[in-house]
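Just one chain follows, in the form predicted on its own, and it is written as structure tokens.
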Amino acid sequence: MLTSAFGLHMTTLPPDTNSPAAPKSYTPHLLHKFDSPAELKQLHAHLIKTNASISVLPLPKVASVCSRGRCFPYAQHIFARSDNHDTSVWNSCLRALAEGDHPIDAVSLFYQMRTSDVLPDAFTCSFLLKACVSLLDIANGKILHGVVEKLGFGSNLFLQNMILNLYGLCGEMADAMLLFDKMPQRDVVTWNTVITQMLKRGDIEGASRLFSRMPERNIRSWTLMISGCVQCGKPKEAIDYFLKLEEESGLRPNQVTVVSVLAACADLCALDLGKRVHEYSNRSGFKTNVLVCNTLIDMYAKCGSLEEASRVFDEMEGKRTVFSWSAMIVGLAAHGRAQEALSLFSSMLQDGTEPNGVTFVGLLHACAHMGLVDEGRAFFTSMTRDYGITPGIEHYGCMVDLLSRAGLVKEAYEFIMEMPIKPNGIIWGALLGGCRLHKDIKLAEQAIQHLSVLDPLNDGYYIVLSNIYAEAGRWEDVTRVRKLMKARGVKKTSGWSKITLGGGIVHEFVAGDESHPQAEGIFRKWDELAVEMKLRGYVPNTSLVLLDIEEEQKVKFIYRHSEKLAVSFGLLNTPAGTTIRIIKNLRVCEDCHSALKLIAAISGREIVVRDRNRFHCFKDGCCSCGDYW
């Protein structure tokens, strides 16, 4: 009597040398009972002692157990001594190895299979291709492609799609497109595979062309284009695809589609469309999906609707993740509500949720905009000391911004010089901004020396330095900076403002824009506003126009800033009482900031502007961001 490692008893009987079948003492149940290499070896030893055929072992189970235990050489030993050379058995072993922790073992077994003169079939190739995909093994993948063609599987669509995917994943797009063009048959998976790889490489135009040629599209096809546009920085195009999906396809967006289009809405401040998608997600049963909820919080916060963001956040009670808390903290910080962000962080800790790096970016950002220097220093120390989070470049950038805004530009410079990682353009740019605010020309010149190397074609830094010189009356230096920009081929970025109407249509304005179909009405509306504003004490701040032109021209220049045009357009095209939401690529100037406070009071509207730095919520003649600094 032999007691096994499985707690069962096996009776030793004389071997039946005329049959490869298992001795009567070995039931199928027992032969499949082992779950570790040690148990397999014990069973193997017993087979040897009883002179039983090794072929009674279930080879797929051997492959699976040895793959998990990283004992593939032992499995090879068993395979080599088995007289079971049926292709289906080898395929089962290959599948177990390909889906295991070490798919390289499947490749090794395949070569052993070939030396055993076992003919592969389509299943063999599919399992091997799966292993090659897991390993990103293009060399063996190309060999296998040749095997597929030699065996006559060139018309097997499933295998061709797998090879296509492998080429794309390994960056062999030329080979992928060659295969795609030669394929005698394609299905929606084929098209989606190529589009996916194009989008991963940022080739949005190529993906769009391919998408337009698709004979059939599923929801994944549309979602790929929507998410791809968002990732490539084209949220307007993402929304266009979503609107076409609704109008033309008859398909129902899934959770991934919803998350992608909400991200596009966040980028464009398209709150009305975001609300409509939110309502759809609730009807579709996505209300409790954590990823959807987190994206909704981010979308509402970036669209300037903190009340809605808070509502979604509050309804998540019990399901919040660190991303939920962080999205809310970042949103509060961007709106200048620093104390609320800090209070929410305390609630987060009480809830038992540990912060991550994004959480601290939000906290430091809040401290920077509200001048909370001591609190910011404490958070920066705490993130490493208490939570083991190594500060990234974004955390150092927030600290430099915090110190620079607070007038501690020399301390900020020393902080940069002591950083354990190399400062980038954002770090030096934050210092430069502080130098302008506090008129430190010497440090500004040092910052621009670094920026001219790190980011030589960024016009913003040169403009800031030029403005610093202009405010100090150093006009020769202003001329020198402009000549330097011209010599280096640096072009000034045009300021633009975008407003999205209810149907998801985006309208963009640049300074002095007269090309819009409603230009005449927009300028007339602005003139009406200007008259009313002057009655309330508004005087155009022409000191911001650092050009040697007449005062009247300066006023006209100020009046044509893009956010003023966008607001005038919004007043003309939205119902009374509707909030006007605008995004701007540059910083809102001081004159526009003053003007928009008055326009909000005159129109009885709330005006939300998201610029490069922060949110400005204008209402009843005030702005939520407090003092303009």
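Whichever C-alpha set is largest while still superposing within 1.5 Å between the two forms counts as the rigid core. In this text, residue numbers run from 1 along the sequence as written. Given the structure is predicted, the values throughout are model-derived calculations rather than measurements.
Form predicted together with the DNA: not shown, discussed below.
In summary, the region of this chain contacting the DNA in the model of the complex, judged by heavy atoms within 4.5 Å and restricted to 383-391, 531-539, 306-314, 248-256, corresponds to 248-256.
In the model of the complex, every residue of the candidate spot (S126, F323 and S326) has a heavy atom lying within 4.5 Å of the DNA. This chain is drawn without the DNA; in the model of the complex, the residue among S466, N161, S208, S92 with a heavy atom within 4.5 Å of it is N161. N356 is the sole member of Q112, N356, S134, Q518 with a non-hydrogen atom lying within 4.5 angstroms of the DNA in the model of the complex.
Taking the partner from elsewhere, K287 is found to have every heavy atom lying beyond 4.5 Å of the DNA in the model of the complex.
With a 4.5 Å cutoff on heavy atoms, D105 does not count as touching the DNA in the model of the complex; it lies far away. Among residues of the shown chain, T193 is one whose heavy atoms approach the DNA to within 4.5 Å in the model of the complex.
At least one heavy atom of A430 is located within 4.5 Å of the DNA in the model of the complex. Heavy atoms closer than or equal to 4.5 Å to the DNA in the model of the complex belong, across 394-424, to the residues E394, G397, C398, D401, R405, N424, ordered by sequence position. When the rigid core is held fixed, the Cα atom of N91 travels 2 angstroms or more between the shown form and the other one.
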